[in-house]
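Next up: a single chain in structure tokens, the form predicted alone.
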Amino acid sequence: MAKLKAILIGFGKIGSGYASDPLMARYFPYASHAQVLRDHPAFDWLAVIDPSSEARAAALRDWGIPIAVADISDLPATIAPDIVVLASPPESRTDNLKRFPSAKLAIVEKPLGRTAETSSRFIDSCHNLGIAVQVNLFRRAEETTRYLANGGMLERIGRPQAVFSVYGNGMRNNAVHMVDLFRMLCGEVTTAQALSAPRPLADGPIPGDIALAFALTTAEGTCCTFMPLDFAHYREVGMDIWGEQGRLEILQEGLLNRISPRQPHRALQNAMEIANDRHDLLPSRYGHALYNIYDNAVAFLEHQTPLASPGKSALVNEIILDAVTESAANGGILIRLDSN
């Protein structure tokens, strides 16, 4: 088939900036949309839209993009993309998509909106425009995570008994990734409860975002506590799952996947323990997960393969986080989400 014509709206860190980080490059060959659009053979990258003159200059100079403009209205009328990549703030996304009747699919950064209500309106608007939505919750397209979600975790560590997660830089930023991972591995969430008062993030990457401790429970009764970290001390976005037959640790923001088996207790008769000193390492393919998001988008358009991270699934994460915020505003009451 002919190449899919693509434009990129937003040329910040996830748009292109992470590609210039030499440490990140060791582990993430595809840390930005620009890297995928440059390398993926299915795409013809037509243009960049960003209000920053520095970003536009970088697009032209460093990435060889033929067109870089400040506003969609500055694009040539002949630009008719098949795919629109939205790496810009959520407020203007619907209006931007309305400009492109040729668009078949949008690849979107989280959050979809500032609240679950605005996110839902965005998803509805895309549906009315006939545009499918793939959200960059990249763990949905990472091979090891998919293996674990498709039965590998149950096979290796059994049913989860207790789950713990840490995140930083805000609920709408990294917590949404961990909520999505919990849903992938442990099932759909039915209750949400705040465990602390919200703490505003004055310097967070998403304006108005907050951090707080909270707990989620699935229909099967699996509970996960989510605790915020201050990235000024160190970074970590991870999850620790204690199963009936072993332990799964997803650490170093996904670069380390460690499974510790169950064995006879070394210091007590007729008891078992988790052998944390006898762990196995699973490969991490996070560095190619964003590329896989695009691969899956191509398969969806060409072969009707289901999207790995569809907009409606991503919306569920934001509904859950809104419930956590509601719980915090009401003294930490338990919020039921059975409709999810």
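We number the residues from 1 along the sequence you see. These numbers were taken from a predicted model, which means no experiment stands behind them.
The following text describes the form predicted in complex with a small molecule, which does not appear among the structures shown.
S.K.: Residues in which of 216 to 224, 105 to 113, 162 to 170, 147 to 155 have heavy atoms within 4.5 Å of the small molecule in the model of the complex?
M.R.: Flagged stretch: 105 to 113.
S.K.: Of Pro89, Pro261, Pro198, Gly187, which one comes within 4.5 Å of the small molecule in the model of the complex, counting heavy atoms only?
M.R.: For this set of options, the contacting one is Pro89.
S.K.: Report the residue, out of His177, Arg183, Arg140, Arg247, that has at least one non-hydrogen atom within 4.5 angstroms of the small molecule in the model of the complex.
M.R.: Comparing distances to the small molecule in the model of the complex, the residue within 4.5 Å is His177.
S.K.: In the model of the complex, does Asn136 have a heavy atom within 4.5 Å of the small molecule?
M.R.: Yes.
S.K.: Would Ser52 count as touching the small molecule in the model of the complex under a 4.5 Å heavy atom rule?
M.R.: Looking in the model of the complex, residue contacts with the small molecule include Ser52, since a heavy atom lies within 4.5 Å.
S.K.: Using the partner position in the model of the complex, report whether Gly332 sits within 4.5 Å of the small molecule, counting heavy atoms only.
M.R.: No, Gly332 sits far enough from the small molecule in the model of the complex that none of its heavy atoms falls within 4.5 Å.
S.K.: In the model of the complex, does Ile9 come within 4.5 Å of the small molecule, counting heavy atoms only?
M.R.: Looking in the model of the complex, residue contacts with the small molecule include Ile9, since a heavy atom lies within 4.5 Å.
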